[in-house]
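Okay, so here's just one chain, in structure tokens, the form predicted alone.
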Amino acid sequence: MRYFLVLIPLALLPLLLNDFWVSQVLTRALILGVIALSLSFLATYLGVVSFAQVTLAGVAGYAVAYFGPNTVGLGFPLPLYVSLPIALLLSMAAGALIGLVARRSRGIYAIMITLAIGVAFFYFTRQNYALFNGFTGFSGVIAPKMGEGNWGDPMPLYFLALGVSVICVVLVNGFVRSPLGLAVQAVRDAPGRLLALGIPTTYPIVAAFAFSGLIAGSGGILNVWFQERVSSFSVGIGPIIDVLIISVIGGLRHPTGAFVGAIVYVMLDIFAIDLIDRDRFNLLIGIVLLAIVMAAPNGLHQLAIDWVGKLRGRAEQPRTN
């Protein structure tokens, strides 16, 4: 029920705002939120913080660019109903491969392994011209047509991003309640007991990373259509850190908090120039992140839940004469 209460204003906002707010603020926040959701999912239910989620988004983004329309003359154009499944399958396969490599790692070791994979993919895309067109990447990657317009227009792309966000949240909630999702959480809480039951921990870990690849790949496809391009800069260390910051701001242990962190990050990114020099944006983000971590260690999502709980408690207290 609470999700419907959130969806109603989100569906009505485009009718009240101009194209700038719809596209550069809301749509961008939803896309970043989907990618950050894949990270929060792993952190919450598997107990692993992965720095490779932007890599998974980039795999899907490059696949859409390679198998779809672009202006660099590189690739093998396929119909949309073929290229999209290929992109998502590739991002899931990449996620499964990363999970297989990092299956025995936890904590800082998992962070370092996934970060190394992300950095390696960044340099690989920059230096490979046969598939990734090197430093330049792909440009002119437009969204599919929709009648006389296309899905890349501000309003259609917003509702597409909103729909994908809702589907991803529903998929996460369904996954964690499934037998496989329960096995993933068992790996997080008591891997020894899972092994005692005769269930290898490798399969749930690989499945969780593959599922996160599906979520991240969905965000990566939307991001390519939003930016109309993809290059090594799309999968560099900057975007990797940005997604982590978004997840921490919203609440790393609350998957839906990724969208809260995304809207805060986008608002700061757009309007910080009115407060400070653009070169000092990272300083501002660092200060905001430090303040949020100190005031709300579990993120803004949990902080909002706590406030609502306190307000309800006060409202339900019996009045005394």
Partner chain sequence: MPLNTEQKTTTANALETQGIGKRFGGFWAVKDVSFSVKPGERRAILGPNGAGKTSLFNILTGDYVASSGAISLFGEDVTKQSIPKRIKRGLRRTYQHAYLFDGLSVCDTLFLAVAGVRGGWRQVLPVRSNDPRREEAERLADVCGLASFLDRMVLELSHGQRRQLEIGIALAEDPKVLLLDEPAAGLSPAERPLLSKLLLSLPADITVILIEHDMDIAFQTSESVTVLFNGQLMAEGTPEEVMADKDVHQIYVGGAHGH
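Residue numbers count along the first chain shown, from 1. This is a predicted model, so every value here is computed, not measured.
As for the form predicted in complex with the partner chain, it is not shown, yet the points below apply to it.
Taking the partner from elsewhere, no residue among 71, 77 and 83 has a non-hydrogen atom within 4.5 angstroms of the partner chain in the predicted complex.
In short, of 195 to 203, 95 to 103, 152 to 160, 125 to 133 it is 195 to 203 that has heavy atoms within 4.5 Å of the partner chain in the predicted complex.
Interface membership of residue 143, defined by any non-hydrogen atom within 4.5 Å of the partner chain in the predicted complex, is ruled out. Among heavy atoms of residue 185, some come within 4.5 Å of the partner chain in the predicted complex. At least one heavy atom of residue 191 is located within 4.5 Å of the partner chain in the predicted complex. Shown alone here, residue 175 lies within 4.5 Å of the partner chain in the predicted complex, counting heavy atoms only.
With the partner removed from view, the residue among 241, 116, 180, 89 that has a non-hydrogen atom within 4.5 Å of the partner chain in the predicted complex turns out to be 180.
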